[in-house]
Every structure is written in C-alpha cells, then in structure tokens.
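Presented below, as structure tokens, is a lone chain in the form predicted on its own.
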C-alpha cells in the first residue's frame, strides 16, 4: 500500500520531473541548527528532508533533531537509518531499506526484522528501498560491510537494481558515499534507469551544478545532497543545485 509520503514523492516527480532531497546527519547538528538548515532547504524548494548518517547516534538526540525539523517545515521528514537506532517516532516516513550488496545478512534482512515491529508501533510509513553502494562507498561501505560495485561496472549496478524491482521494492538508491571524491557516474545511473521502472535515487559526492546536470540527464528521479549542505553555511548552494535541476528535466 502506497502511503502519503510516497504518494507525495511520486506525484512531485510526475509533475515536476527530477526532485532534490536534503540529507541531514543528526550527529553533525543541534536541534537549533537543524531547524535553520531545513527551513533554508525548504525555501530553496527541496522536496523533502532525509535524516541519517553512517555512524551511531543516540536515539534521544535523534528524536530531538527530528522534532525540531518537524516543527520547522511542512515538507516530509524521512528517516534514512543505518541501524535500528536510526528510528524515531517523530518522523513522517522511513526508507525501509536493504543494503543489497552487503556481505553481512544483518544489513540485508536482520536489521529490518528487528526494526519492523518498531516502525509499526510508531506508526511510521515504510517505503521499500533497494540500497546499492558503489565506488568508494565511504563510511557506509565500512559500517554496512558492503562490497561496493566498481564505477566501471554499470551492468552490475543494473543487475542489483533489477533484482530490487523483482523483489517488490519501490525505489532504488545508488549511493557513492558521503563526502567521497567522485559521485555515481552518469553511465551507471543510465544503465540502471534503462532496466528498471522504479524511481531512481542517486546520492554521494554531488557538489557542483555540472554534476547535478549530468546525473539528472542520465535518469535520476531524486538527487540527494548532504555534504554540500554541511560545507556551505548559507542556502545559496542548495538553491543553485535545485534551480539547475529544474531547468534540466529529462524527457518523460
């Protein structure tokens, strides 16, 4: 069953073309700074806020961050958990994700089994997601025990994404890793988009307008940026990326 947040994302993509989501690492913000950042992001037409990081965070701190965000914006706040400690009752939805190229069954299915009852108890909207780590992978590769797909093997990323669709997942996420030097190659995004009918999310290492244009042209439906928000203390960079994304819609 498609929930309200998922419906919102799908309708926004259908109406506007590719959309932008701002990722906030709860370990790197306070409630007050998180409130300021999400207000600025919303003013720049980011479509939603994602909350999550690669390392551990106290649930009590996560709750404070999410509550501050919810009190500050109208757009959805979606959890992007690295483990069951990344679940907060105060969010609108959660990416119910499986790290498809992890070598550890815990990140394929174990954490999900533990988290599912908590999600139901909190009344969060789960959005099924196939998560694929590529290239350098960054911290998420280490924490999630992933075997990153090489940048020059787009066919492997496409095969993983197709498996996600056949499993019944409703979004696919290509992740290069937070703060990495090179984002997901356009060729890889294009190869994935050519074989799936699901919305494609791309994140990790996207800092410039040129990179944004390239990945949107390749077929990304949602582009996630996080490090660029941390590196730029004002909203100009977010606005620049979002504005250029909207003027480079791919044919639909």
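Bear in mind the structure is a predicted one, so any value in this text is a computation, not a measurement. Positions refer to the first chain, counted from 1.
Omitted here: the form predicted together with SN-glycerol-1-phosphate (1GP). The next part is about that form.
- With a 4.5 Å cutoff on heavy atoms, residue 46 does not count as touching SN-glycerol-1-phosphate (1GP) in the model of the complex; it lies far away.
- Using a 4.5 angstroms limit between non-hydrogen atoms, residue 178 touches SN-glycerol-1-phosphate (1GP) in the model of the complex.
- Interface membership of residue 26, defined by any non-hydrogen atom within 4.5 Å of SN-glycerol-1-phosphate (1GP) in the model of the complex, is ruled out.
- Mapping the unseen interface onto this chain, residue 186 falls outside it, with no heavy atom inside 4.5 Å of SN-glycerol-1-phosphate (1GP) in the model of the complex.
- Of the candidate stretches 170-178, 145-153, 103-111, 84-92, only 170-178 has residues whose heavy atoms lie within 4.5 Å of SN-glycerol-1-phosphate (1GP) in the model of the complex.
- A heavy atom within 4.5 Å of SN-glycerol-1-phosphate (1GP) in the model of the complex is found for exactly one of 219, 199, 205, 31: 205.
- With the partner removed from view, the residue among 37, 57, 224, 66 that has a non-hydrogen atom within 4.5 Å of SN-glycerol-1-phosphate (1GP) in the model of the complex turns out to be 224.
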